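To begin, one chain is listed below as structure tokens, in the form predicted alone.
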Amino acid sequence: MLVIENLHAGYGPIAVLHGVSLHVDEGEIVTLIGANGAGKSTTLRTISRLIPAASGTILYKNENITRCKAHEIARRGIAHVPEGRGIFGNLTVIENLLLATFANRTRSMTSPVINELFDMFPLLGDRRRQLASTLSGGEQQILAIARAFAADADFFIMDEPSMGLSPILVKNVFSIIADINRRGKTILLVEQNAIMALKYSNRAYVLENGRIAAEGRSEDITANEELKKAYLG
């Protein structure tokens, strides 16, 4: 579904990615793990075109999207749940969800769509008229995920969805991620909580200094003593 080949990217003169290649098959959850500064978020931001690729190729559903603009990426069905949530705090919950539909011109917030969203995210239904800035950190993260689902995306890019959350909320967020996957969505996940991410994902890649250092099935990565010591505590 997504294929990245020899991707190089960075910020101005600072190179961060040095020939990253990976793939995500339809229906998978794939995790990127690695130390801070390894290039995980940069990989996601390059896919969604928030930063340009210096070289390399990004294919989505067999189409080259390397030079597409960010709004074109969204309209092709790729939703980015950013680090830090990126919600609009001065808007209500339902207004944040309405904004997501602009990425998909065939999608509108009809009653069935709204009902489906609030069936999946009942907490948000209870707070639909509440300003997003007044939600707790966990509630804001759920809103960020729900906003991506509202866009009717096929492919979710999630950057640190458990950051700053209590253990109970972390479990809640990962249960939501698993539910989204069961509904036929494909997910590329960056997560510092590597143990939890590997528990829920099919495969994983380890990034180290902007390069793929290891890859494999999640259970194999978890069982690898060297990788466990380096990345799983």
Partner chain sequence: MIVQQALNALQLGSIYALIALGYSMVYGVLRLINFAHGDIFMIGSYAALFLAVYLNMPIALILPLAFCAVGLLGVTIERLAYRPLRTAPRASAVITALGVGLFLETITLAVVGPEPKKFPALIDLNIITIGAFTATNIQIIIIAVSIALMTALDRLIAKTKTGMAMRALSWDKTYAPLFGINVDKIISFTFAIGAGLAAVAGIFVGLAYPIIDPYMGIIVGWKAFVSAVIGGIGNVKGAVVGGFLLGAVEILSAAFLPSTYKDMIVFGLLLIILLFRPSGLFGVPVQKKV
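Nothing here was measured: the structure is a model prediction, and the numbers come from that model. Numbering follows the first chain given and starts at 1.
What follows is about the form predicted in complex with its partner chain, which we do not show.
- The contact residue chosen from Leu123, Leu99, Val113, Met163 relative to its partner chain in the predicted complex is Leu99, the criterion being a non-hydrogen atom within 4.5 angstroms.
- With the partner removed from view, the residue among Ala54, Ala70, Ala35, Ile195 that has a non-hydrogen atom within 4.5 Å of its partner chain in the predicted complex turns out to be Ala70.
- Screening 46 to 54, 199 to 207, 178 to 186, 165 to 173 for residues having heavy atoms within 4.5 Å of its partner chain in the predicted complex returns a single hit, 46 to 54.
- Heavy atoms of Gly89 reach within 4.5 Å of its partner chain in the predicted complex, making it an interface residue.
- Though the partner is left out of this view, Ala74 does reach within 4.5 Å of its partner chain in the predicted complex, counting heavy atoms only.
- In the predicted complex, at least one heavy atom of Glu95 sits within 4.5 Å of its partner chain.
- Contact annotation for Glu139: none of its heavy atoms lies within 4.5 Å of its partner chain in the predicted complex.
- Taking a 4.5 Å heavy atom cutoff to its partner chain in the predicted complex, the one contacting residue in 134 to 161 is Arg147.
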